[in-house]
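The chain below stands alone and is given in structure tokens; this is the form predicted alone.
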Amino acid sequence: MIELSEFFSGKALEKARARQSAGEPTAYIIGRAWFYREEYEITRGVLIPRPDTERVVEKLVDILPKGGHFTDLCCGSGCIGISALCERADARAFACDISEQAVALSLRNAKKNGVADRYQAVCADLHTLQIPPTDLVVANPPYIPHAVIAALDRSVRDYEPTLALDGGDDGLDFYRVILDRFQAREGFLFEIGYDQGQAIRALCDERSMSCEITKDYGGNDRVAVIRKR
């Protein structure tokens, strides 16, 4: 567990502990988070990277072709794309988020982790975005059903951006948009909710696509690899 005394002292430490006691996530208080093998700057208004998402990076690093180019949609802090680039010096990434704050943060994180020359990020809406030719589309989009948001732990509900959480009535809105609007030579790589495996397979069946689900280290469905049949 992170000790706030490693980052603050005196009155600043008292204020930091008060924020933590009120339920604010530690990553926002100290302004950083550790994900995969990298350290990321984190600010309020951008989703905090989760350990479960590291499985997406592992799969991306494994299946991306040599010299590959991938597109990271709903990039947030940039953690998926940047950590993958740190592992694959031959790869390049194009990233997008609807939040200007998130895009700016991802660009700072790319520079911080030494991959800025291979990382491009833009602010755009998925409904109008045009992406360059790409080998893989990877995304960790908002996927929590709208009705569930109010029941989330307060550290998430009250502090993390609803824009990065709310996936519509059934949590699948953004998956539909991505599958219907974009193309990639090697297919799609999604993070999914722990209980969404069956629903994602159904979306793929409707579009004549194959779907391979990988579990996270807690044994829950977490990563979907989707390709044309």
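Please read all numbers here as calculations on a predicted model, not as lab measurements. Start at 1 with the first residue shown and count on from there.
Beyond what is shown, the protein has a form predicted together with a small molecule; the following relates to that form.
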#### Entry: 4.5 Å heavy atom contact, residue 156 to the small molecule in the predicted complex
yes
### Query
Can you check whether residue 126 is within 4.5 Å of the small molecule in the predicted complex, heavy atom basis?
no
### Task
Flag residue 143 as yes or no: does it have a non-hydrogen atom within 4.5 angstroms of any non-hydrogen atom of the small molecule in the predicted complex?
yes
#### Entry: Non-hydrogen atom contact residue 191 with the small molecule in the predicted complex at 4.5 angstroms
yes
### Query
Do heavy atoms from each of 47, 50 and 164 fall within 4.5 Å of the small molecule in the predicted complex?
yes
### Task
Among 177-185, 197-205, 26-34, 164-172, mark the stretch whose residues have heavy atoms within 4.5 Å of the small molecule in the predicted complex.
164-172
